[in-house]
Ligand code: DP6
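Shown next as structure tokens: one chain only, the form predicted on its own.
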């Protein structure tokens, strides 16, 4: 660790993007280390939707502090607690007990099924490692990001990414790896239909735990998802969109089926989500081939995976569905990048409040 960085109290800022899973992660075999029951495959999205996170460590801070979208967070529980589990891992590697100030902002809806935790924690891991002077590989960063949010490990890398479930109890073989970079199959698009910006009633963390404990269908979910992951990777490498699209839709429906089989049931989809599903089925039927695939994370918003040449037809199919407030057309993006100091979200006002609290 470069201790001069701590003494200088410099802030480090990273920008990163969420990812959309082609094959989903739902359920942990280890809650503390966030180890999944199955591997997952995702596409990192472009910077038009992003999270910016600034991090500063200082011996002058009395306590760890977290702001998300300008609101100070209670760090004693929930996702904030998981963020600081990640920070503690990095502090141990850097041999410091300096407190952290974290300021993070999303330019898209938070906690609504658009993977804000993935981009938020991936950028946190990246910026915090830089702030502490740690030189970590992408594999090491993905393992650390995983401990804050499982899907965050995939946002450490760009393009199409696989998160290996691993087998070891310590999680050392559960990490993200790039399948292909963002230029390999550049034509892939994610047409996002925003149908709700409401915060979901059941957090992903709580929902997973509930599903694993109570769903009978979940007993076969990990095996099915592992098979889907292999098929998806093969389809991506061979640019076989028809095969990829079917796998994406089957996996999404399978995951939401085990959610519905959870007791009491967990329902993230709404009526508009269902209408989007049927619209995509009808589009594929009319075209005589799979030109699009719907997929839903833990939320009502629809991600429609398609190719650039078919994106207009997808938008036409969505046009007129009452309840869709906005449509985004996204392409693939890279992993987090470090921004200049002028992009820091840490204001003098925030710093003054922390120093005054100490005095």
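Source: prediction; values computed, not measured. Residue numbers count along the first chain shown, from 1.
Form predicted together with the named molecule: not shown, discussed below.
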Look up in the predicted complex whether residue 14 has a non-hydrogen atom within 4.5 angstroms of the named molecule, and give yes or no.
no
Quick one: is residue 255 in contact with the named molecule in the predicted complex, heavy atoms, 4.5 Å cut-off?
yes
Report whether the minimum heavy atom distance between residue 208 and the named molecule in the predicted complex is within 4.5 Å.
yes
Is residue 204 near the named molecule? Define near as a heavy atom within 4.5 Å, in the predicted complex.
yes
From the candidate stretches 272-280, 135-143, 88-96, 149-157, select the single one in contact with the named molecule in the predicted complex, where contact means a heavy atom within 4.5 Å.
149-157
Out of 68, 318, 49, 298, which one falls within 4.5 Å of the named molecule in the predicted complex, going by heavy atoms?
298
So which residues in 21-41, when you check the named molecule in the predicted complex, have a heavy atom no farther than 4.5 Å from it?
21, 24, 25, 26, 28, 34
